[in-house]
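Coming up is one lone chain in structure tokens, specifically the form predicted on its own.
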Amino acid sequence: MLNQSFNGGIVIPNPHPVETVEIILAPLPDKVVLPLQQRIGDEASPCVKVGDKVLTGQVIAKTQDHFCVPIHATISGKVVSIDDQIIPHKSGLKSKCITIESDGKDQWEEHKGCGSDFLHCDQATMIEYIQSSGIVGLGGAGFPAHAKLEGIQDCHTLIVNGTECEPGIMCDDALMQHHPREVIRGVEILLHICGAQRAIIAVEDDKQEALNSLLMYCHNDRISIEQIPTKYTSGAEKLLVKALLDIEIPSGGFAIDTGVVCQNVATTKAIFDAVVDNKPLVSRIVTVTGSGVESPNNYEVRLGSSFEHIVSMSNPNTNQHAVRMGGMMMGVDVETTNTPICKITNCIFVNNLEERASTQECIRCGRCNQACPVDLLPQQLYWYAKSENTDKAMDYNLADCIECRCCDYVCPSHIPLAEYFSFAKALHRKTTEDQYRTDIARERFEFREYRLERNKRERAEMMAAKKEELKKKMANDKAQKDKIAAAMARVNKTKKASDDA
């Protein structure tokens, strides 16, 4: 291995440490709210209607898009509504959801899998099980797992991301400590599917207990467990590949383009559950932490449960709270704890409401440039984003910004740089799309004008040709009449001469 680090990044101490990393099994919720719009892909269409009885693990919505995954009931009970409800999204808008009221029985629908003898199961079948089980990237991206595994060619290394680099989140740490056997077996399943020569499980060096647990159950020579320095954002795919393999992924490229497949450790365990234990993805481990709770902890909770369902178990104080889904750096602020837990909800921060520091003018200190883990120039990008000069910002590789907010964290002027960059990306996409539509409309207009002019010219040429043809015909007719008249004159002359004789 190499130095297993990268340029830039920042070291952020865990603001809410715990003595023991646990996993508490949350009780079944009274109801679940399951959004039909997942992180990626089209909105799913319900397979059930209001009043239907459903079983845990039953498919209740799906799309025709092979890229997407189905949605499963996460409890058994009755469908009580299919309507618009608030979902965990930074827009704060509502989306169509299926609400299921629990019957308290948690009766499961049977599912197929390969079982423990998965090595005798072909890759296509295993990928089908992964898709039908609804598995997506549980690290926060939500990218469908089967789509990443389909069509893999020349894969030499599988990287399982157990870094969990955002401070405060500990759900993956807890998973590796309490389910190491399932993680290792999940890695073996992925090795079988992608045909890689080796696998590396990356763990930050502040997770010693997780490392020890994985080492205890890892008896496969093709699997190595590597520690990397605890530094944010070590879990970013390109940075992890660079740190572990010294492979530079070019701008706009992906790890798979270089023969590397990356999967989150929680996704890997979910793949084990689907392939070996025949269970679809109906629950996940969620960290509840923040200055607003007395007992930060991890909970295994059914998808669709409300944030409040597990926040209440961590003893929140009576202050006003700011709620954030995901990490303190790259998470999303949500308005209420009535929001449903979804597949990418790895953490819920409940913080005491505090006044944010006011934004000042940039002092050109250059700290943002030093902290950027992907070697961009945030100061220059800020000026171009602020002036909405997105073309120039793209020239400075704005598209490579991973919006990790390292630049925000070190900025003494408290400028929300990542927000500017996110806005600039969206504006550039919109400008590009608008320009594309304008170009298409102009091309259509120009082609219409060309077609009309062509039709006019062709019609004029046709009329001229007809006139010329008519003239020739009239000339031919006149010549023919003259010939006939001359012939008749000869006949008459001959007849008259004959009569005179």
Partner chain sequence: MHSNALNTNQIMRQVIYALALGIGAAYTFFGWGVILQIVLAVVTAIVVEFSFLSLRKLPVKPAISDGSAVLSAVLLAISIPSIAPWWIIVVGTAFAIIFGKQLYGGLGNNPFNPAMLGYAFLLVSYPLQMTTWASEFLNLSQAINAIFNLTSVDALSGATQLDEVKTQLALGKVINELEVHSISQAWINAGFLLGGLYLIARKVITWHIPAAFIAGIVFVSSMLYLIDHQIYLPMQNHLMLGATMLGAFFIATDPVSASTTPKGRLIYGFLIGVLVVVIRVFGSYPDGVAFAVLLMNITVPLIDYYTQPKVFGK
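Numbering follows the first chain given and starts at 1. Worth saying up front: this structure is predicted, and the values here are computed from it rather than measured.
Note that the form predicted together with its partner chain isn't included here; everything after this is about it.
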### Task
Specify the contacting stretch among 279-287, 124-132, 378-386, 73-81, defined as having any heavy atom within 4.5 Å of its partner chain in the model of the complex.
378-386
### Query
If you check I249, I86, L427, I223 against its partner chain in the model of the complex, which one has a heavy atom within 4.5 Å?
I249
### Task
Taking 4.5 Å between heavy atoms as the contact cutoff, choose which of R185, H309, K242, K343 touches its partner chain in the model of the complex.
K242
### Task
May I ask you to check whether E300 falls inside a 4.5 Å heavy atom distance of its partner chain in the model of the complex?
no
### Query
Quick one: does H156 come within 4.5 Å of its partner chain in the model of the complex, counting heavy atoms only?
no
### Message
Since only the chain is shown here, I'm wondering whether E209 would be in contact with its partner chain in the model of the complex (any heavy atom pair within 4.5 Å).
### Response
no
### Message
If we define contact as a non-hydrogen atom of the residue within 4.5 angstroms of the partner, is I363 a contact of its partner chain in the model of the complex?
### Response
yes
